[in-house]
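Two forms of a single protein chain come next, each set out by itself as structure tokens; they are called structure 1 and structure 2.
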Structure 1
Amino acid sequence: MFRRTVCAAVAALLVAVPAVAQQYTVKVTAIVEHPALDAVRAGAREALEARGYDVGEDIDWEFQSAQGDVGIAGQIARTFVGESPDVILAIATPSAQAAVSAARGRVPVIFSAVTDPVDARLVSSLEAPGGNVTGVSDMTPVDRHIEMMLEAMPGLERLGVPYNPGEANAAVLVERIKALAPEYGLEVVTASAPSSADVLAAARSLVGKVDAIYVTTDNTLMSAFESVAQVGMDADIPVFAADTSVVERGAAAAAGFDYHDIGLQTGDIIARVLEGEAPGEIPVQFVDRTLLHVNLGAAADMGLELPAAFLDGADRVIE
């Protein structure tokens, strides 16, 4: 009796599994699951839906997260390559490297949310990636952010940047800021926060040395952003950020992009590849749109009076 029940259950499963013949297979992997990377995934799906694909019906869409483990990222990449999908979407640098390494040009790899694809050796050039790889970079437009801060605070001379030197994207951004700072007459003071527990100390170490603090899209800083905002309010140092999501959490202002938009751009590339374009001929894309969010209360607490013109340019103002 028991055996028969088991047999029936197994048979039911087998019948249920092979659904309708799907047109395309898209395998998706991310190094970890967190809101920004999840938004990329959701955006990519939406863009495909907007192009008339019914994800789940026309497209067999499977997602695997490496849960922060580079070794598992490699195993996921090999599992995916073994199934010869039409496209592998790899989100964030380590997953993208694992996918490109496993695919060896046999399967198209579209990466997303990779800060510096050339440095990560995913592509040899941004304009003509070559190989079977292309994607969307989440390189923050640092120049636009510096301009934003100078507009908000014309007297800004010394800029404090707390960051986690162990985070690839943060390290790249800090290099960019240091390279750009002289053009704008800025002096950059960095503070190291290797874990979220060190963020408060890093922010405090900047007091007295800087006129403003700038927080990049550094995951460690993002997770402990309140500590930075608190230091800013206590010491009258305005805190700016590269991610609009922390404006509600106490940043005076932030210019940033939405990871959902990155996902939309990624989804468009996937659609182009499914429709026959060679990934190697599609240039790597950057974010088109940045938004400015302002928190008036936080700015006042940090002793910053924002110019009217600056407020006029804001997409969202929190009173």
Structure 2
Amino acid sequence: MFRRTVCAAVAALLVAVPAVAQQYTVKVTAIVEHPALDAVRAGAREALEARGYDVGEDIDWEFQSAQGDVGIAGQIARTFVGESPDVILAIATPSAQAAVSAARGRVPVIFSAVTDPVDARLVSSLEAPGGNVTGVSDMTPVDRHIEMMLEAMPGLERLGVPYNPGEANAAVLVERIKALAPEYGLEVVTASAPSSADVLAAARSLVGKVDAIYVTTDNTLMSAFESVAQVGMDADIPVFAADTSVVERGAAAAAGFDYHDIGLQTGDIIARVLEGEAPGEIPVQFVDRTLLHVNLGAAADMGLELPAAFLDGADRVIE
């Protein structure tokens, strides 16, 4: 009788105890920390919370930066894969390539802020990625950026583009600029900056050769953007950019995406994967909306007086 009573009590207790909420693990890595990539990370986290996940409670969220070093990106990726998380969020092309290479299909990889996922060999198709990978691309509308620069500076003929040739996303964008430049009557002069430490020298090498400098979403350039802006101010060379977050850091003007929006889209994809969808069946997503931000003080310091019509079209003007 006693044994039967105890068994009944234990059974009642098991019924009374609520089911433990399922815990997920999301490992996050970025090639480097700068405002745009940080905004992606924040946006992804916000999207998960908006869908009802308590990050820190329902989701074990860990972030590691590769500090601009591709070798470190590989080490982080291998460590993350070894811990078998539910999802790896890889921000920017070098980290995404490292994560996909390390995962080999064993762990879902969601990339974000990757310019050309096919060229970077992350997926074979944008519409049907296949495997265990998908994400959000920040493919830059280079033609719109060239038009933006010509509207701001109608006399522009020689455009300087410093970039890191080792970054696949940067190399793709430079090739696009070179291909489009003749249509707009532009000559493109490039300068190599293989690391953040080389950015200042690359920008200085363009002085006397170009009328303006254009910085793409190249992460190496973004991480040391102040060096480029300072060269522009010292030499009266307007500096334009493809990332609005650097306007506060000294660009004369920039047309680009809101990287927080990219993060929100990325977070939605992560939630879909946590809820059972196969990454390879989720098409790669893009962002259409671009914003124009202007820094009047920086433009003046670079010897550029922006046309009134150009300013009228700006979404944000920093006085």
Partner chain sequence: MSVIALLGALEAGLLFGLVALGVYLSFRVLHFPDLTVDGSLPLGAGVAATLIVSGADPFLATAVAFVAGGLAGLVTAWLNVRLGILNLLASILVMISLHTVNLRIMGKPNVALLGERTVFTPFEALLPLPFFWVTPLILLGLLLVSVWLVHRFLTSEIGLAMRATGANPRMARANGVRTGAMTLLGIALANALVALAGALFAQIQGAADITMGIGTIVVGLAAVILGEALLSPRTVLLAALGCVLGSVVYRLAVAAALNADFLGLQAQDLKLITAVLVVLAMTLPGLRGRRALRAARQRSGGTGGGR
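Numbering for residues begins at 1 and runs along the sequence of structure 1. If you're wondering where the values come from, they're calculated on a predicted model, not measured in any experiment.
Looking at both forms of the chain, which one is the form predicted alone?
Structure 2, which is the form predicted alone, differs in this respect from structure 1.
Next item on the list: Going by the rigid parts that rotate relative to each other between structure 1 and structure 2, point to the one of E167, A181, F257, A102 at the hinge.
Entry: Between the rigid parts, the switch point is F257.
*Through how many degrees does the small rigid part swing between structure 1 and structure 2?*
Hinge rotation between structure 1 and structure 2: 24 degrees.
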